[in-house]
Every structure is written in structure tokens, then in C-alpha cells.
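Next come C-alpha cells for two forms of one protein chain, structure 1 first, structure 2 second.
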Structure 1
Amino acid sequence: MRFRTCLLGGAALAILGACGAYALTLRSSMAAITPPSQASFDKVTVEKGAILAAIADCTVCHTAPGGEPFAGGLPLKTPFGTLYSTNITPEETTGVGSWSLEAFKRAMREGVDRQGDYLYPAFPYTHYNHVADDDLAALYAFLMTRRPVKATPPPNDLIPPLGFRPLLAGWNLLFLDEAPFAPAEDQSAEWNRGAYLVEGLGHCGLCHTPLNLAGAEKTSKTFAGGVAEGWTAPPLDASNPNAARWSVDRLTAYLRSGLDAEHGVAAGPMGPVTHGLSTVPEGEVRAIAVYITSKMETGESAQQHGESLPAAKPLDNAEEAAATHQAGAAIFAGACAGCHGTGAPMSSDGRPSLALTTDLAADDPRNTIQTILQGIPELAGQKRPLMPSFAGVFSDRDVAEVTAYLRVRFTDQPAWPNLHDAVVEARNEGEKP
């Protein structure tokens, strides 16, 4: 789900092509092995691998809707075509059953599969190359003890010449940082653990860091926020508009529950991420939260110490908003107020007031619009906030009207410009392949 739209500029493409041609001969196929038996892995290692796989959220991308876990086939829509995730079950011919540990490590760190073909960087090997040997071995043990499923994903459907994989060798030369993870000596062990997970398996930056024209993370702007599947991935640095209201406790709870009373619900691609993290031991998630909150530090708040903050007081410019956005006010009253009105019982149980949601205070309206269009679907019968999609009910104009109204009523931020265009774009970006 956390696939990032890659924009490949013409110039970059040319360079890549040249480099790719050079690199073409460099990668070899690695010997196929007979799939190892389950019994050849010890349970403690597999259990460790299970947790790491949850942090890496492998199943989210490598499972098609309604499909077998890890058997691949999930379509990833991009401006230059559609990619399909691969089968990473230990099935011998269609999965990774014939991969040795060494072949697995090469794939994880260098983005090259056992046969020697380059993988697209939608697979976050640019992060996995920071992962320690024993963790990769644990992940390998976990994957090799899954149920083998014979399944071949549909062929990728990319515009020429991007289907030509050797081009990626050049991309890797430019953007693959092969330096191993180095702990910061002036930071706590928990912070370093968090850094290791976030920068490595967690691959948070793939969504939360802006991309350059070639679809690589801009290292100069790490965690400055990005876009994924038509949703904004908010900045995880001090530029996050609600940074001051995140504490380690809050962020830990949010990452494990998908809900924070002063920020919002994990919608869009973040929903499955929090679902995965709900199965991870709290200590690991807390380490992630320690690291991320340190990145969001503004230097003037105390939140990095996990101190509890006074409850935020929600803003409500109801009269001003109704006066300036009459149509939006009517739509809100008829469609939204049952859940989001003042005192609505649906606002209890940790569900935030709209005035406290990160999305409404954000610089761009993308997430507000996507939430209205797509809603927040049910996740496998679990207790969580449920919001219907309004895509079939509201016209683009309706969405723009109510979005403008929400911005005035619940924030003191300036109006978002060109809302109508933003709605058209969001509808387009949010469409499933």
C-alpha cells in the first residue's frame, strides 16, 4: 500500500538508460535451492521474524484483495502503468521457495531477485539495506515457514521503456545508499532502536519523505511529508502542523490503534499500517514513537519526554463558517453533523473533534478530500471508526464546498486555494487500478 508514485523525468531516464546498459552484465542468477523444511528453522527465530514482518508490513503489499497472504498480486497504480506485487510465499516455482538466505539478502539490500533481475523500487530495498544480518535471517525464517501458495501475479503493465528492468541498475547507482545503519552515540538505546526500525524495515520515509523526479526520496528533506496513493503522508519533522501535540505516549497509542483523540484516525494507506503495528510488541512501537517524536521536536515543547499535554480545546467558528459557506453548512448539517456535530455521541471514545484533526490543519486539502470521497472502511470486522464514502453522493463542487466550510469552521488556517481542482485531482488519484 505504501507504494510511492514515481515520476521519471525524461533527462533522468536518459541517464538511467546509459548507466543501466553498463550495469546490465553485473548481476548474476543465484543457485536455486530445494525449499527448506519448516523444521529447519527454530521457532524463536521465526517468532522474531514475524514481528519484523509486521513492522515491515510485508503482507499489505504482498497480498491481493481477498487473496492468500504473501502470495502477491496486489496492483500498484502509477502514472506510468501498473505494477503487481510478487509472491513471497516459499512456493518453489512461483514464490521464493528456491531462494537461499543469500539470495533473499541480496534482494532485500540490493533490489535484485534470485534470478538476477532488478526489482522496482516500489519494493523498499533502499530502506531494507539498513537491516542487520540476523534480522534478515529472522525474516527469511518467517517467510520460509509460511504456507507455500502457487500463484503468479499478473504481468506488470508499464509504459515503454520502463518495463526494461536493467534501467534500474542506473537508478540504484544514483539513489541506493548502501551504508549500514550507524547508531547515534549521543542518543538512547530506545531512540537508536526506533531509528533502526524507522529507517530500515519500517520504511516510513518511502511515504513521508518527498520524492525527486526519478522517484527517489529527497535525502535533503527526509520526513518533510509526501504523497501516497493520492493521500498526503504528513511530515514527520518539525514542519508537521500538529507536531507539538504529539507525545511518545500518544504516538505509540496511535500507531497501535489507528486513533488519536487530538489528531485523527489512520485513514487511507495508513490504516493497514496501524493494523499491522497493532500486533507488534508495544516496546518496538514505542521505540518508533521515540524516534519520530524526536524528529518532530520544535525545540520549544516538552513532548519528547512523553509528558502529558493539557487537553486541546477545539476551535469552532460555526457562525463565521455558516455565513461564508452557506452551501457547505447545509451539506455538513445533513451529511456530517450526525457524527461530527458538537456533542455527537459518535465523537466519544477517543474519536477526535474535527478541530483537532491533522488533516484539516494541513497545508493541502488532499487528505480531507480523500476521507470524504473514500470514507474509512471497515477492517475485517474490527472495532474502529467507520465512515461511508461520499464519492457517489457528492459532486466535485459539493466536496469543495464542504471542505471549504470545514476549514473555516474548525481551523484558523487560511482557506485552501483551488479546491475544486484539488477534488478533481483527488478523485483521479484515489481511483483503484
Structure 2
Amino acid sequence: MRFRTCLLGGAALAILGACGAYALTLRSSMAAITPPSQASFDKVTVEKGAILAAIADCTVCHTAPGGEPFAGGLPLKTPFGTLYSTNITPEETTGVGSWSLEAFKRAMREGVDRQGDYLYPAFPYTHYNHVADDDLAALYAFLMTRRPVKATPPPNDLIPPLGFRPLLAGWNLLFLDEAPFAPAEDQSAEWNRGAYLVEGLGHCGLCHTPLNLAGAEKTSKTFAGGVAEGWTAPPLDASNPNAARWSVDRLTAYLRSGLDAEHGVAAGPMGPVTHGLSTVPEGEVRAIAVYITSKMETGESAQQHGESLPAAKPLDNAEEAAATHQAGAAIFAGACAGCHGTGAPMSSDGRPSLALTTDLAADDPRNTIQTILQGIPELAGQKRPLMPSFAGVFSDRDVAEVTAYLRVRFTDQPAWPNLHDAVVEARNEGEKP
């Protein structure tokens, strides 16, 4: 009898403890407001918010293919399942029109929406919590002056039990750094501005830092490189093999144009980033470049003098590549040579030589494969070379063959192993759910 009583008592205490822990995760809802009129926001604040939204890349994640800007519904593939971005237009019932500025700030800094539900950290509140009050107010003003769109995203499709949002309270406890941004006293105002933008609204570390098993950034390896949407995001620290070739001027130009003669064209997730930054005042982008190049400093590098190293000499081992990869050579001649061959008629549009693109010389073939599969789409208002997608034209074997050919022809690096498997993986990663 005593044992049974103790057992029941222990079970009751465990249930009470679980209920108490659950209660601690609950967040209160915040009062709904009537959507503010556009006239209630001054023009200067809205224009400032537009710049900040471009730096934060809001429209990219919150716009579905073919959908209305900021209306959400974009599928985001993660190792834990698929998330769909939310509607952040000022529509009252499905968007954020009923959100007060304080509700907006809570979401941006704590990852909790107006109703008290936790947001998934694919939304980078882990970076946005470093943003100053006046900038959050400007971003709020910008969003509240967009066209309201009534749209509800599809339900998230996550591995059980990750759809239970209160679990994110524990994630935040472990990984959410609530410390405000602190300028470095030994750095210039321009450097500090760049640090503020990169670490905050720019959330660059979310892609360019490896993630742990819980999907949080490994803070001990900040900017050491990562993976985003099936693409490799290169290191932004001294481990970047091309660090010494990035001067402040060169990186500024690349971030605003999406093009560099010794790097290539910004593709994959980086394409929209440079498209957004092309609308941002040059001084802001330059500050970002100042901060990032400082992270890539490698001792007595050319960056310290504001100049890049002499141009690399392009290789073209056409005969060797054709002899060792006949199938790849045939595919290149039929589908690629018109733009990328020696003296190609379409090479006059500023298209970088393949021999100088960093992706072909990288240790991982992922970005080369994804570029072949997905191409480089047109981005309105940005003049840069385009490339069609070959995902529906080339088989996995075709992509592997031409990738192997390109590696031999245009680099002096060793062959990539297991290319067919890498193509299959890249194709799966790049497909939309």
C-alpha cells in the first residue's frame, strides 16, 4: 500500500512538474489594434524602413513564387521539415495589420508573435534582436504601408513533435543571445556600422556559419561557412581561400551588382541578396564590406591596403579535358560553348571566365552543380549575365559528366569524387516541396 501511494505521489508530482514547465513556456497575446493608416507614418521613416527591409531581405523569404510581395507562403526546406513563411502585409486577419509596434518588436527580438505563439528560428530573430528601436520602428512603418493582401500560408510540415511550438522556449533558452549590439571602441564608425548591419538585419551568419544538430549557429565557428537552400555559403573569415582577393572596393561592387570578374555571378540564395543591396545606398553596402573584409584578413594581405591581389591567370586545359571526359566535352560543346567557350559570341556581356570562378575551384562541387541545375535567373533592375536552368534537360549523369569536364578544363584542382551522388543530392536539395 505504501509503495502504491509513493508511486501515485511520484506520478502526480511528475505531472504537476510537466504542467508547470509547460506553463512557463506560455506567452501572453498582445492586444489587437486597428490597422494604422498609411498617412500616420512620415515619408522619411518609411523610406528608411525600405532600405532596412532590403538589407534584411524581407521580400525574398516572405514572397512565394508568383505570389504577392510580403504575403508569405514561400516553402523553406530544413532538416526538420518544411516551413512556410508568414504574411507580413498589413492585412488585418491573415497578416500583421492588427499588430502594434510593441507586438512587432517582440516578434523581432524574442521570436514570439502577437498571439503569443513561438516563431521558428528560420525567421532570424536571433539576429534581429540586435536591431535598435528606431530601426525597428522604421521597418514597422514600411511594412504597414505595403498593400494589404489576404493570404494564409500552407501549414508547416515538420517532423513530430517539432510542430509543438512551446518546445521553442527551450531552444531560445539555449541559443537566443539577448545582448544588445555593442560598438567596438577600437574600430571606426564605418566598421561598427557594418558590424551592426551584418550581425543584425543582414543576418549573414545564418547562412555563412555552420549549424549544430538543433539548427542553431555554432558561435565558436562564426562565418566559417555553411549551407543554405542546397548551396554552399563560403566562409567569411580568414579560412576563405580567396580572402586576399577581396578588397573593400571589390566586395562593395560585388554586393551591389552580383558580379565579380574573379569570382563569378551571385547565384542561388546570394542572387536575391545582391539584388536587394543594389537598391541600398552605397555607403551602407561599403560599411558591410569593410566589416566582412576585416573578418577575412589574413595577416599582411592586400586587403589591409585597400587593394586586391593581381588578377589570377585563367587556365584552359581543353585538350586534356576532352581526352579524359569525352561525354562532358560533347555536352559542353552542344549546350555551354555558346556562352563559355573560347571566343564565344555571347561572352561580351561581362560574363566571367569559368577559369576564374571560385565555385569550380572549390573543394565541394555543390555550387557548380546547383548552377547547372538551377541556372542564374534574371533579377529586375540588375544587369548581370543570365543562365538557363538545365535541370529539366540534363540527366544526373549528364550533369556529373559536364561538371567533371569543367573541373579538368578550367582548374588545376584534383577531380571531385562521387560526382553522380553529389548531383542526386543537389537536385533533391534544390527542389521545392
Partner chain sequence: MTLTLNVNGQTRSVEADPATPLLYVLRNGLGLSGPKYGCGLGQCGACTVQLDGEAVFSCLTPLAVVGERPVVTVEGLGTGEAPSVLQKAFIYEQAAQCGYCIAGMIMRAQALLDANPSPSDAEIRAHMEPNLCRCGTHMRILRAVRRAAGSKNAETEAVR
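If you're wondering where the values come from, they're calculated on a predicted model, not measured in any experiment. By rigid core we mean the largest C-alpha set that fits within 1.5 Å across both forms. Sequence positions of structure 1, starting at 1, serve as the residue numbers.
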Lone-chain pair; form predicted alone identified as structure 2
- Query: Using the core for the fit, does the CA position of A103 change by 2 Å or more between structures 1 and 2?
  - Reply: no
Exceeds or equals 2 Å, Cα of D117 between structures 1 and 2, core fit: no
Determine whether the C-alpha of E282 shifts by 2 Å or more between structures 1 and 2 once the rigid core is superposed. no
Once the two forms are overlaid on the core, the CA atom of V393 shifts between structures 1 and 2, in angstrom, by 2.7
